[in-house]
Ligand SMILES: O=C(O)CCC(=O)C(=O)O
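Just one chain follows, in the form predicted on its own, and it is written as structure tokens.
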Amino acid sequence: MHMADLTLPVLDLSRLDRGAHEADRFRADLRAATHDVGFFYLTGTGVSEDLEQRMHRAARDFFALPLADKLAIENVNSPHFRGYTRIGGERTQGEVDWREQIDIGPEREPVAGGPAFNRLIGPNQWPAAQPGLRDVVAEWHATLSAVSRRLLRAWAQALGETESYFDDHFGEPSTLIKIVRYPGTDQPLPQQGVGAHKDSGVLTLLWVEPGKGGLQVRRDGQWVDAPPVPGAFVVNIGELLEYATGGYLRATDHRVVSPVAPDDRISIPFFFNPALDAKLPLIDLPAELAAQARGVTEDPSNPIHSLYGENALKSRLRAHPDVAAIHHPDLVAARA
């Protein structure tokens, strides 16, 4: 694939290591890409090919397990929305997504009481039939967290703030790793692998199986393909970064179209967000940037909260109504 054929900007993170001039140019390109598009390809991350291959193999090995082994960690057993979701078990905009997945968050003890979003805090479920999964996921988490922090420091400077701005306001990050398989379908295209949506947090790094398309991004009112690029992550910002910049940076709709049977597709999105109880303050943009801020998108059906935990809880309750009904009927009733 030629880079000139791609529909999203391509940014090289290693430019931050090539002197002050190249670093400044990278930050300017980063600001432009997320002001204009909200999506880009990121190369030069330092994530090794060996780690990518081990993570890919671990994903394939999990989805190849007998159904009983996968259902042993089904997310309906977790009040924290962790574990395995069978095909058709998640929804976007109320419509069924044609995928199966594992959800893995920070490994913590449950918290009793406090804000409703505390119910998202707790342990993960790990498959007894695949004991090596936990170690490779931990390495993936540490590596992508470091990439995310580098990006956020570059963003902070690009927006006129100090390099440590996001570090100072994030608290202990609320991360989420989804290991996803989109099975093929014989139905006419496009079928909803995952429906059109915007991410609810700050930053997403997406790894996609080489040679497997399906991701589409809305640009200028049209859906455009964003095929995988070897050695690159697809990066997008979420609604919370749009909120913090008064709409100068814009979260963008995206979706996944199911592959055609018998093909399937593995993707692994990594979400890097503030602590659940962190309120990301509005960034005091330089005057020339503030003049280009478009305001936060108004959608009465999908309000953007400044407190990340409210956004995260809203998303989980909508995406997994079965888990919500089993473990959190009071929250379901309160939002009815």
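So that there is no doubt, residue numbering starts at 1 and follows the sequence shown. Worth saying up front: this structure is predicted, and the values here are computed from it rather than measured.
One more form of this protein, predicted together with the named molecule, exists but is not displayed; see below.
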query: Site test, Lys178, His254 and Arg265 vs the named molecule in the predicted bound form, non-hydrogen atom cutoff 4.5 Å; finding: yes
query: Distance check, Glu242 to the named molecule in the predicted bound form, heavy atom within 4.5 Å; finding: no
query: Touches the named molecule in the predicted bound form: Tyr41 (any heavy atom, 4.5 Å); finding: no
query: is_contact(Tyr308, the named molecule) in the predicted bound form, heavy atom dist at most 4.5 Å; finding: no
query: is_contact(His141, the named molecule) in the predicted bound form, heavy atom dist at most 4.5 Å; finding: no
query: Option from 197 to 205, 242 to 250, 157 to 165, 122 to 130 whose residues, in the predicted bound form, bring a heavy atom within 4.5 Å of the named molecule; finding: 197 to 205
query: Interface residue in the predicted bound form among Ile237, Leu215, Ala232, Ile104, criterion: non-hydrogen atom within 4.5 angstroms of the named molecule; finding: Leu215
query: Members of 80 to 101 lying within 4.5 angstroms of the named molecule, judged by heavy atom, in the predicted bound form; finding: Arg99
